[in-house]
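As structure tokens, the next two blocks hold two forms of the same chain, structure 1 and structure 2.
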Structure 1
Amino acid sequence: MGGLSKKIFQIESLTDQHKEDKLLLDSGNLLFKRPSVAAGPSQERLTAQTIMQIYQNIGYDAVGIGPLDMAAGIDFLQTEATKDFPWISANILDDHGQPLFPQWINKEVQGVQVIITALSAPPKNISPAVKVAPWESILPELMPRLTKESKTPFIILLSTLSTEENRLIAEQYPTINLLLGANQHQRNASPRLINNTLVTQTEKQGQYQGLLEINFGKQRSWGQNREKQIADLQNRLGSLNWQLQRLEKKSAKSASKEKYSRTIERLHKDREEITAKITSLQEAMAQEQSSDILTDQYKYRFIGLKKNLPNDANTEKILQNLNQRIRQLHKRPRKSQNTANSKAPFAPGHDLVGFRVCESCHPTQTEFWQTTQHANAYTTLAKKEKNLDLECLPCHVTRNLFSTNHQDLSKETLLSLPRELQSVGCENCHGSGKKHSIDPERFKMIRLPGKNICLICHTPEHDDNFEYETKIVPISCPAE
């Protein structure tokens, strides 16, 4: 959520730059990170509601429903608070086979009828009263209905299906002009033409914006972007002319003209070929325009979300309100905490002892650790009033990251950790200290954490400047 206000600022900036008709689309999987969310009030549900509110405020035209969006159940997507949210899905049906959401929406862009539909991948858990029908049974009946009102609509499909399923759809249904995927396992995918369908997707979780600019032609088929081709060739021609002028001046001053003649001859030949290509493309453009067979053309780019982008003011207010609601949700009476000198293991996992126990045998190392940012990780979170945020908390407290079940532990247990574990402590890097504190000769600690341990928290989303080899040196404890 930290980058959402920057994402909205970026969208609004792009909107200001492109005054022509536009569509804001999302193929889905935007609400939750887990396939199943427990019933009742939770931070995950509050966050999902906030995401929908922000998307509505910015004016999204259509959002497909992915399996992660269904993690809290279909009822969650149909509540009163979200009834105007632009969800669409052609294949989420009730037990009578009737669609539970609009199967498509119509928009007019640049005088062209644009129809947006969506196909949802089935979630792992779903109510028996809800059916996610396979695309093979939906599209044969749906496609004729989409093309009934207009002979040449531009059809966009939002899909959370697999890459292979999307390929099959593109091959079998050429009347689908654009397929925007949301495959969780795929990164930015440059537009690829399959049959007559342009297939692309943007990386998940908002790290990139995908900007696709389309110039609609007289017919629904993708053609070459001749304007861009001509511009690229003209740039190359300019570079060739500069090289020729430079070499011809050198040749004129040189006593040995043979030294430059072959290169000059080759560059002249290249210039003639490029000039001929430009002329051919210009003639093709003129012919298309005069015969009314101009095809659809596109330009695209993926725009990374930079940390130095400003925050959108309205979105920032909504997120601040969300943070207060999360704090209120998680604020509850705390049980008495363990004393600083206690050597009893702490929950969760019952295998952690806290840095005070480590200090009893390793005072020099503990003193050094207290000078690092790891020691103040929880404090910095508390200053931002995010220490009750379950999305942030796991990377700012002590956990046994070497345990195979560290991700399975309930995040809620982190809200009641004692002070000795409210930091990125010794056991994050060296493993749990319970057995070692009892018998240090028999149970050795891990001396240096591997890169994989650091990357659990130092992800590109939160630390895009992390280099293990560089960062591990200044935080390494002094030798015994």
Structure 2
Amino acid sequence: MGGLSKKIFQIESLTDQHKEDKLLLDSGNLLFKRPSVAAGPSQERLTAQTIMQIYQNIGYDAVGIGPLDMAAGIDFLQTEATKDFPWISANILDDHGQPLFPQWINKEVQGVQVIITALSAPPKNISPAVKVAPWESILPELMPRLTKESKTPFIILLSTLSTEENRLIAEQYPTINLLLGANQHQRNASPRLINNTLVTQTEKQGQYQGLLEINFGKQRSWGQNREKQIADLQNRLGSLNWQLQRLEKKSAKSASKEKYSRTIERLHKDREEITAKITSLQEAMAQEQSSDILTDQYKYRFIGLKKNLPNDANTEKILQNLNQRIRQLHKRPRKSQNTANSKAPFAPGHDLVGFRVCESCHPTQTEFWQTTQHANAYTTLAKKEKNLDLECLPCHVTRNLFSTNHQDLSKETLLSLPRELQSVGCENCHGSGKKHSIDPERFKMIRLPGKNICLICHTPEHDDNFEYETKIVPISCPAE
């Protein structure tokens, strides 16, 4: 959440000059970082509600619904407080096949009718009363309805589908003018023209803003790439001609001509189609040169979130309120956890809580840590059947690094560690976290663990080429 009020400041200043003719769009996956979130009040739910509030405040026009937005269920997106949020999705349906959200919205920009629709990728798990229909069954019925909305609508599709699916959609539906993706596996992707659809995506989680400036022409097609389109088509024509020649030669020599006739016929058809396309593109280009701009033109920029941007004051207030509510939330359940923790195996003198507690407030860092070898350090021992060896355990588990309490390294402690401590955990680098977990604002953790901490385990004996500057890189948790 750290960057959110900077991001809002950035968006507001970027769009300031274009108050009337801007669209604020998000393709989705903005609420949660995990595919499924437990029921009941939690930091994650409070945070998600706050994100919706902030987006609504600055006037987002439309937001697609991604699988990560459905992590707390569809109901979570439809409460009294969030019912005015501009969610759209063409393919989230109830059990009668009726859409649960607006399938599209209409906006007028620079005198052009802009239609925004959205497709959601299916989430990992969802209530049986909700269906996320595949695009193949939605678009054939939806697209004719959209193109009827106006004579020359500009159609935008927000999509959390895969890059491959987006490509297929662009190929099959050239009436979609712009496809904004938000899948989890792609970074900033510069606009790319597939037939007549411009496809682009901005990196996930608000690290970048994508700014696309469009000058609408009289026709709905993109201008810039005409020449390239023609060149591509001519290349294809060349290779088709070559294929045809080869096949026709073979067929002439062959005794069974019907073996080739079907393919030859198909290639002839393709050739006709491509030739027609080239002619129409050339005509359009000639017309363009003799009149006003006919086609749509675009410029784009990806703008990184910078640490030195000021915070947006309103957003900052909302976030402070969120922090307060999170603290209240954590004060209550923590009491009972403390009593549980005071029992062994969290031995006396321990201020360790284990990574599961950190995860509840730092899901991003926890998810990252789980991809490092530190998370497997105990398993490594177990595989060698050394997980009961007191000589090995101290560097392959979570322990209180600064404790002079011998009990922390005692046989009793090391051999009865709970699951959450059977790994080189968060607290090995950031310090013991019991107090911080109760009141994070008052009790700070070590943010950047120094070399001295690593060297407790990365001794020359066990890691003969330990170099802090290089080894810190692959294990540094991401921000936010």
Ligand code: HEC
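In this text, rigid core is short for the largest set of C-alphas that superpose within 1.5 Å between two forms. On a predicted model such as this, the values are computed, not experimentally measured, just so you know. Along the sequence of structure 1, residues get numbers from 1 upward.
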For this session: Kindly point out the structure, among the two, that is the form predicted in complex with the ligand.
Result: 2
For this session: Take the rigid core as the frame of reference and indicate whether the C-alpha of E316 shifts by 2 Å or more between structures 1 and 2.
Result: no
For this session: Taking the rigid core as the superposition reference, indicate whether the CA of T364 shifts 2 angstroms or more between structures 1 and 2.
Result: yes
Problem set entry | Cα displacement of Q98 between structures 1 and 2 reaching 2 Å, rigid core superposed | no
Exercise. Taking the rigid core as the frame of reference, how far in Å is the Cα of E427 displaced between structures 1 and 2?
Worked result: 6.5
For this session: Taking the rigid core as fixed, quantify in angstrom how much the C-alpha of K259 shifts between structures 1 and 2.
Result: 66.5
